[in-house]
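This document starts with one chain, in the form predicted on its own, laid out as structure tokens.
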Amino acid sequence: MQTGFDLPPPGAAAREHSDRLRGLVEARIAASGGFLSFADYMDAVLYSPGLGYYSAGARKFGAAGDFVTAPELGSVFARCLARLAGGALRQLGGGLILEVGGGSGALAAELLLALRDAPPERYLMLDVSGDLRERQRQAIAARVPELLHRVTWLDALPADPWQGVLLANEVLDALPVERFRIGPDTVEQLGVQAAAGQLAWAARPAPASLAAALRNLEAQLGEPFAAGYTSEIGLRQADWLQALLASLARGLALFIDYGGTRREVYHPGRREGTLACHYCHRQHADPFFLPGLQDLTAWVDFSAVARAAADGGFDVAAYATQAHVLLASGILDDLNAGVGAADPARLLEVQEVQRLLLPGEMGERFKVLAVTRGFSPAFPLALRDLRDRL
């Protein structure tokens, strides 16, 4: 496997874990006639029970993991979201918070701490990993033990209607996507084959559902893809999103991720797509490197997310860069209150704010989509709204 990067080798136990998952993938390839769609491959290596990247026990977040999310930088991000969530809960007259994909629990712990004086009725956490659930429990118990009794871990989406706030930070980018390539006369579906003891790319004519989705996408873009253009499309995203939102009877949902509008994601100059692999804080382009030990992601098409939410009965309340949302939620107020403080904690907080806001860091690369049902926020969601670009 050539990655083009000097990636650190795993330990013996980690490699054995990856080999077991590779064996599972190879069995699925054989059962599928020698070809596995990339969406099915991505689902297997990320979510297979006990083996997938997000289902097993290896550390994923923070300095000791493979990547750093905004909540891992410190408490500022969570305090900003707490202001938005707290404002929504007050306006609603109470309610729940549901966090999807809670990671290490850093966001939940700091957000509950910020809302300690007016906490949600319940804080629900939906996560596929038992190991992550335990880490989340420990993080919350360490920061705000008096509110641990309000936290409930879910095995499935809520069945009963509820009101409140839904939070999904860096969740959409890890949903399985199909990968496609435009040929001179046909459209190819890219998938996975087992060849010479290795996993490798394979191609076949796109099935009808994928071809139709791509024709629809080209119609929305107003021009066809050029021959050789390769990218990804989330065919399962709309159903997943609508199932997630179905029980939110009244309230606000925030989706925070890297990505852009449809025209940005499928820009003609982005001929190789947006698929990225993350391993030990290195980004590379080989999705077959150590399956189960690395994260696979693709840019979020927020135009498609907004359309799916609207089709599910939600209003698109805002679409903005992360910087403009955090500025609207008072991120600079905390710093202004600490002007003159020279303690190391304050300096670290300044650095955190810079990473959250600067265009070259997370400020513009990450976007926020806010959708609502039966609720119109009486507080600003963003300094600058980009809904007209969706």
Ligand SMILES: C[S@@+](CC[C@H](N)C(=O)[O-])C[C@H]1O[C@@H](n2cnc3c(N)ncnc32)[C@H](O)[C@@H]1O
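All residue numbers are counted from 1 along the displayed sequence. Note that the coordinates shown come from a computational prediction; the quantities given were computed from them, not determined experimentally.
The same protein also exists as the form predicted in complex with the ligand; that form is not shown, yet it is the one meant from here on.
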Stretch from 349-357, 46-54, 23-31, 322-330 whose residues place a heavy atom within 4.5 Å of the ligand in the predicted bound form: 46-54
Exercise: residue 126 in contact with the ligand in the predicted bound form, heavy atom 4.5 Å: yes
The ligand contact in the predicted bound form: residue 264, any heavy atom under 4.5 Å: no
In the predicted bound form, residue 103 touching the ligand (heavy atom, 4.5 Å): yes
4.5 angstroms heavy atom contact with the ligand in the predicted bound form for residue 289: no
Candidate from 294, 169, 189, 303 lying within 4.5 Å of the ligand in the predicted bound form - any heavy atom: 169
Heavy atom within 4.5 Å of the ligand in the predicted bound form - the one residue of 229, 162, 240, 153 that qualifies: 240
